[in-house]
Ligand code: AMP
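Just the one chain here, laid out as structure tokens, in the form predicted on its own.
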């Protein structure tokens, strides 16, 4: 099957046809580095990574670019909170570099190789952004206001192009009136005001600003950065642009509007990942219902690879509801896979991954699932079918490794996990705590259950919870 993906711009699944037969230009909206990214953000990056791997699986070379938003309203405000009202651009860079490094650490934990990505920091491209804005002014699509800021004219754009909001839907503008201006970076889709390209420096921004002889002192708006970076990296057009569905409007809608007066084609395929939900509500820092990977790891609820495994179980265009119980179940499921693969490796001491046969039947079923709009749940089903199959061990392991080139579960480095302890082996102190925790779980007393988990772990044991029972390992 030829690779098919859902193109948000066309609102349908399409055959993927890159502008170059052999190379794909892939752009991903990267992090805003003002805090730790949450696992909802990481889901989007895992899905982009799987897409990149699937493209390579189909024989394409991939040039993957990701922006790093190290200047916007949030990064400026948080820098000032940390360094005070005299904070400068240098301190902004110090502040954001810290969170960029934690982002790279998180990428490593979810098995995304940072060497596969060309990262572009916005603060390193200010002069190019200023030139891009000046080009929009000269073409009549941007204008300065009395406060010194520069805005993009949706009315002018719509008059010339007529497609503003098509990424949301063809009838997006029906019943809506284009308004005045909005200076904040993020706003809802009922607001069709002109948006800021260059924000004039204000006292509240401390000393964080850049000079320009025509634009005046200030800093770029959020939306302009991705139009500019796409243009710098892929001046003949981007094949695929990825991001979360929350970016469709206003961010990606405004990217298209800013870019097309300067160059076309801009982006051929837009691929968006759905939200992670917590108890039916979108995970977001603004709501306060978010999980951060380092906290989940410290609580031994999830690690990077078990999170990746959980994400793969859901199609990228489906909402994924996450609870601590589902995270623990994914952790247990991933550990069971690792045990199975490690046992295979132990039986094949002289196995050479560079020599051997891949099962054509399982390989083709797996590839068909991937090429059907990156259907990772179906691809995982084929993978589990393979694990349970009666294929010869060497053929099974070789096929597992081939599939894992896309799944990215790092199974080639799988090691046999600890041996589960039998209840008869428990010392008296562990036996008492184990029994109390069983009762707490039956009574759904999760606070007590967590407290007892920590007490058991303090004795040097590891707990893995499943729906059926509680497994104990010696740490």
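Quantities reported herein were computed from a predicted structural model and do not represent experimental measurements. Positions refer to the first chain, counted from 1.
Below, we refer to the form predicted together with this ligand, which is not included among the displayed structures.
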Exercise. Within a 4.5 Å heavy atom cut-off, is residue 261 in contact with this ligand in the predicted bound form?
Worked result: no
For this session: Spell out, yes or no, whether the shortest heavy atom distance between residue 216 and this ligand in the predicted bound form is within 4.5 Å.
Result: no
Problem set entry | is_contact(residue 53, this ligand) in the predicted bound form, heavy atom dist at most 4.5 Å | no
For this session: Spell out, yes or no, whether the shortest heavy atom distance between residue 246 and this ligand in the predicted bound form is within 4.5 Å.
Result: yes
Problem set entry | Residues 30, 45 and 283 all lining this ligand in the predicted bound form, heavy atom within 4.5 Å | yes
For this session: Could you spot which one of 335, 73, 274, 91 gets a heavy atom to within 4.5 Å of this ligand in the predicted bound form?
Result: 274
Seminar exercise, completed: Within 4.5 Å of this ligand in the predicted bound form, heavy atom basis, the matching stretch of 274-282, 144-152, 110-118, 372-380 is 274-282
Exercise. Even though the chain is shown alone, can you say which residues of 113-141 have a heavy atom within 4.5 Å of this ligand in the predicted bound form?
Worked result: none
